[in-house]
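First, one chain by itself: the form predicted on its own, in structure tokens.
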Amino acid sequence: MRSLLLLAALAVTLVGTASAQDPAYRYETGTYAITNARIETVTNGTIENGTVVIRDGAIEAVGAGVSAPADAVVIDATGHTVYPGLIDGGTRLGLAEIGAVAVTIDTDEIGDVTPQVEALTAVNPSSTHIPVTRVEGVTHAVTVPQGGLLPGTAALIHLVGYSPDQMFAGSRAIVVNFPQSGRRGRWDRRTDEAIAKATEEAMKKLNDVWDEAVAYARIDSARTASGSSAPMPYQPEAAALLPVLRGEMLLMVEANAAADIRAALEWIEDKNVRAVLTGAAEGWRLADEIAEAGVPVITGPVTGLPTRGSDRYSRAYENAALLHAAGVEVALRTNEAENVRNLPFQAGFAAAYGARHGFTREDALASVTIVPARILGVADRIGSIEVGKRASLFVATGDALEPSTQVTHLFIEGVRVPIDSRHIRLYEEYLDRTPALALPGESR
């Protein structure tokens, strides 16, 4: 009973004072016309003084000559800009709530090889971090399992919904933490021989798992071709890898050191799979090789430290720009749980430090909109403001990548989402700290 009371108290703490009946937390659907706005479509340039019409969850019309339908709720966006919703290419959003409270963290599973474990299943739709994130214009995020060689299956979620299934945004990816060939940090006191042996063992384990999956796929194909109804042997790890082997699902390969990135590229080519490099902290060192391999990259966090003491302080800031200059398709990620809201700020950093490498503000905006949508295979649904796409967009007072810009209206999947979060409520509460009831001797 004491444990139940503790969990109940924790739930109240996480949710705060918000109520399901509170108007500030009500979602609304319908037909909307955002008028007199500057529209950054991302894929088709910028429209001055245009209108966006939203109907049945989709973008019905976009343009300077578009009129608001008679049945639409009109939002006058004079002086404001409309942007497609931002997409974070790698987070722990929904999987971790309070770092010091173990029962609120569900980022990893027991075991080193668990590709069948779905991050989507563990997502907490009531996470306090979700409204905090989306009021900054971030409408979608890839939530990624952590730990182990094959820790599980990542999922793209849109940041509205009452259940994980409602939040699923149509893209999954198996995660591979590629074996590290170097030291894992200053605390790593292993000998060079021990490190080399551990790397060799990890690579053997990865290849053994892969070979088992290939054999499983062959058996499954032969079984299907023969018309047999006999059940397949119980091998959940191999079964989870089937969509990757058949080109139906993306493989996210995490590698950061230059030597590991090179080895990962060779491994990807050998396995002939549709893959994306994630992390790639030293990707700038091998930018030409990555470009030649034709493998896209989801890099970040942008506001990180150099990987080596001899590197320029700004290398992490410039990484995306240097990769882009070499011809690599680059998207950004925060790799955060509670600070995914900083995605537009990190994109702004990438633009500021990447300018001298030809990485423009428009490139930075694309790296958190249409580029991750393309990499994840959902560019036909989200990532830009185009007729027919889902209405995931926001209205802002200025440049979306500037910290001072405020989001004034937000739509996710055509749902009008309230601009409200725990942070906003705390700000408003403490903005005026005059007590309702004064202490004896104090004036009210």
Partner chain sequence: MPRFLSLSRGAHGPRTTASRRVRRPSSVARGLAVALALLLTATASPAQTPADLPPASARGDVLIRNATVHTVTNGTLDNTDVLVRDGKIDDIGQGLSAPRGVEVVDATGMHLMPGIIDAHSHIALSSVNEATNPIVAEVQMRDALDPSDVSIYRALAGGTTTAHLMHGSANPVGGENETIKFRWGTLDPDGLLFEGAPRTIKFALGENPTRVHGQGRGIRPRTRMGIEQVYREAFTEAQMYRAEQEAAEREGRPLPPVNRRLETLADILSGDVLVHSHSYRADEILMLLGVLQDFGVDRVTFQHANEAYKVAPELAAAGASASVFSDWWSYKFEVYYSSAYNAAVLARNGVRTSINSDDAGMIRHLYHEAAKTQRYGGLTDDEALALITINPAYQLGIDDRVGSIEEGKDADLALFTAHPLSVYATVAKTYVDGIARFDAERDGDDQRLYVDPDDEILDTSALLVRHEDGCMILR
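Predicted model, so just to flag it, every value in this text is computed and none were measured. Numbering follows the first chain given and starts at 1.
One more form of this protein should be noted, the form predicted in complex with its partner chain, which is absent from this view; the next part is about it.
*Asks:* For the three residues H129, R308 and F345, which mark the spot I'm curious about, does each lie within 4.5 Å of its partner chain in the predicted complex through at least one heavy atom?
*Replies:* So, yes: the whole triplet contacts its partner chain.
*Asks:* So if I measure heavy atom distances to its partner chain in the predicted complex, which of the stretches 374-382, 43-51, 64-72, 392-400 falls within 4.5 Å?
*Replies:* Selected stretch: 392-400.
*Asks:* Should T35 be classed as touching its partner chain in the predicted complex when contacts are defined as heavy atoms within 4.5 Å?
*Replies:* Contact check for T35: no, nothing within 4.5 Å of its partner chain in the predicted complex.
*Asks:* Taking its partner chain as it sits in the predicted complex, is V209 near enough to touch it, meaning that at least one heavy atom pair lies within 4.5 angstroms?
*Replies:* No - in the predicted complex, heavy atoms of V209 and its partner chain never come within 4.5 Å of each other.
*Asks:* Is D108 near its partner chain? Define near as a heavy atom within 4.5 Å, in the predicted complex.
*Replies:* Contact with its partner chain, yes.
*Asks:* Taking heavy atoms only, is T334 within 4.5 angstroms of its partner chain in the predicted complex?
*Replies:* T334: contacts its partner chain in the predicted complex.
*Asks:* Using heavy atoms only and a 4.5 Å cut-off, determine which of S171, T153, S181, Q146 is in contact with its partner chain in the predicted complex.
*Replies:* Residue within 4.5 Å of the partner: Q146.
*Asks:* Exactly one residue in P243, G327, P125, G304 has a non-hydrogen atom within 4.5 Å of its partner chain in the predicted complex; which is it?
*Replies:* Contact check passes for G304.
*Asks:* With its partner chain taken in the predicted complex, which residues across 168-198 come within 4.5 angstroms through any non-hydrogen atom?
*Replies:* If the 4.5 Å heavy-atom criterion is applied to its partner chain in the predicted complex, 168-198 yields Q180, R183, R184, G185, R186, W187, R189.
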